[in-house]
Each structure stands twice: as C-alpha cells, then as structure tokens.
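A lone chain, given as structure tokens: the form predicted alone.
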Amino acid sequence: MNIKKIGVLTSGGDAPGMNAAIRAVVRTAIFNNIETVGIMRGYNGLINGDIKNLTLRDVSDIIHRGGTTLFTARCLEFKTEEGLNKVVKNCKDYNIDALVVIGGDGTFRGARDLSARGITCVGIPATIDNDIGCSDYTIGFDTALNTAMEMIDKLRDTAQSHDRCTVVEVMGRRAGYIALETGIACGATFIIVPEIPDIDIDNNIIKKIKEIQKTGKKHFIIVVGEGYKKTNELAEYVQAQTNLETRVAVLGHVQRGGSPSVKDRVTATHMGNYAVNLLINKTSQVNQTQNKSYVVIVKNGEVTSIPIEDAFNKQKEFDYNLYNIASQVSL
C-alpha cells in the first residue's frame, strides 16, 4: 500500500513540543508528496469528522508555541465499539491511509485498537510526566522541568526571606520523574516520589531538617510528586515537629504550558519526521505482519521504533541511583 494521505492528531494531556511534532509530520509528508489532514480534539475529531487539510503555511510559526494547535480532549465514546466503528468509517470516508497520534499511554491504546481494525498508526510519545515505559524520553518533559525549576527558584527566594519551609507539589501523576529532577536542580532538602511511598517522615525528613538547622540553615524546600497525595498533611507535620513556618505551593498546570525548550523542539521534530518516514518505508512490511502500528521512541539517545503491542510490555525503571545522589548532596 502506498501512503497518500496521513491524519495527525493530539490526544490526552497537552505537552510543550506537540506543535513542533505536528509541524514535522506535516512538512515531512508534504516533502514526500503525501497529503496531510489535521484531526481536531483527538479521537473526538475522528468520530465527529472534525478534520481539515493542513498545508505548509498552516504549520508556520507554531514550533515555539505551547499547547497544541489541533487541540486535545478526552473521548469516552471512542472506548466503545460503536465509537471505534465510527472512526474506522471516517478514516475510509476521508481516504486516510494512516494516522500519526501524539500523546501518552491512553493515546497509544486507542491506536492499538484501531490497528486491530485495519488502521495503520504510528504513535509519538508526548507527556510531561515522562512515564511511557518503552521510551527513555517523552516530548514536553524538559520544558516542564525548566518551568518547575523556575517556579521553585522563586519560591526559595521568599522562603529564605521568611525562614520558612516550603513544600512544593509538582505534577507527574503516578511517576516521580519531574519531582526527582527538579528537586535536584533546585537543591531541595528532600524529595518525595510515588515510587517510594513508605517514607519514614521522622527519620528521613524531620531528623534531617533538625540536623541541617544546627549548621545555620533556616529555610528549606521539600519537593513532592503529586502521586504521593499527602502534601498538605506532610506540611502540617513538618511545622508541628520543627516549629518552622511551613507553606504548601502546588505548581499545577503551569508546568504544561509555555514555549517548548530546545530539547523538546528538536526531539519533537526528529520524532515527527521519523514517524512519517516509518510509514513510508515500513508500509509493505506492515502489511505482511499482524503488527500494523508502531510507537516512535528514544532509546539510548537514538530515535527508533517498536511495534505498538510491545510498547505496553515495557516498565520504566525509576532511577534510584539518582535519587540516592540527591539525598547525599542535599545537606
């Protein structure tokens, strides 16, 4: 099968760099004389037929923009048999030969379901949480780190002015990668991640703060991944046990916004280009196998791909060595 028309969509939570990926997909496709259509608001657009042609100029001046120009949304109907059938029908009606889907695990599960119904898909991992097991890196992570770091640096200024302890909650869902790396970058006194849920608060945090206080330090930063789910209780306990005025700062969705970093722009461009070339070069091979869909990944610094079915069998290992380093240097 020759690829003549590609559809591109973004789904799930937005991430800085999605627009750079969209741009790369469209321009690589046009370079190869392939028509591209944008599907609005994720799988909702495939169900409702909210689809538009994309030209070179449609993706001009978007590489630096956060969010996604194709918009994104959750789609419960897509999880039903009726919804999937609508998507398959619309792909055929719009003569879409393949889809490039940009998002996280939920996005890829949708692509896998479509693949089982004869729709060729390529997934591009984009989530600030960096929690896609099959890929070392996901688009948006670096920008989110830099945003969180900037915010915590500002909070540290006021914590220092008032001799406070500030407990900062960062995003990441059930993964602690944002907490770990921003905590190190900001010199946090302690970092709490969902991967290590049974922290002994008294021996690991309270004792440490009291020992550091003896060296003359009077302000502290504790970074907590949102998956820990006990941020307010932790702050109250720290204040009660140390007599330090303790405040909570929840950074929230500011971490998803903003202009993407160089790393995210370059990685997204590489992945978008790779996705289209994968469709072009692998189409004949795809038709000879049961695995018709792929996920573009970063592995050991290289952009490559794996069959989409294999993507769900990978578990990302938390970097306990880096966590231990953080503990040793935060004195």
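Please read these numbers as outputs of a predicted model, since none were measured by experiment. In case it trips you up, residue 1 is the first one in the sequence shown, and so on.
Separately, the form predicted together with 6-O-phosphono-beta-D-fructofuranose exists; it is not shown, and the next lines address it.
S.K.: Go through R173, H162, K208, K154 and name the one with a heavy atom inside 4.5 Å of 6-O-phosphono-beta-D-fructofuranose in the model of the complex.
M.R.: For this set of options, the contacting one is R173.
S.K.: Only one of K79, R74, K92, K217 comes within 4.5 Å of 6-O-phosphono-beta-D-fructofuranose in the model of the complex by heavy atoms, so just point that one out.
M.R.: Of K79, R74, K92, K217, the residue with a heavy atom within 4.5 Å of 6-O-phosphono-beta-D-fructofuranose in the model of the complex is R74.
S.K.: Heavy atoms within 4.5 Å of 6-O-phosphono-beta-D-fructofuranose in the model of the complex: does K86 have any?
M.R.: Residue-level check for K86: no, no contact with 6-O-phosphono-beta-D-fructofuranose.
S.K.: Although the partner isn't part of this model, could you tell me whether R256 comes within 4.5 Å of 6-O-phosphono-beta-D-fructofuranose in the model of the complex, counting any heavy atom of the residue?
M.R.: Within the cut-off, so yes.
S.K.: May I ask you to state whether E195 is within 4.5 Å of 6-O-phosphono-beta-D-fructofuranose in the model of the complex, using heavy atom distances?
M.R.: It does not: once 6-O-phosphono-beta-D-fructofuranose is placed as it appears in the model of the complex, E195 has no heavy atom within 4.5 Å of it.
S.K.: Spell out, yes or no, whether the shortest heavy atom distance between A179 and 6-O-phosphono-beta-D-fructofuranose in the model of the complex is within 4.5 Å.
M.R.: Taking the distances in the model of the complex, the answer for A179 is no, it never comes within 4.5 Å of 6-O-phosphono-beta-D-fructofuranose.
S.K.: Quick one: find which of 124-132, 94-102, 239-247, 186-194 has residues within 4.5 Å of 6-O-phosphono-beta-D-fructofuranose in the model of the complex by heavy atom distance.
M.R.: So the stretch in question is 124-132.
S.K.: With the partner left out here, which residues of 213-246 have a non-hydrogen atom within 4.5 Å of 6-O-phosphono-beta-D-fructofuranose in the model of the complex?
M.R.: Residue within 4.5 Å: E226, and no other.
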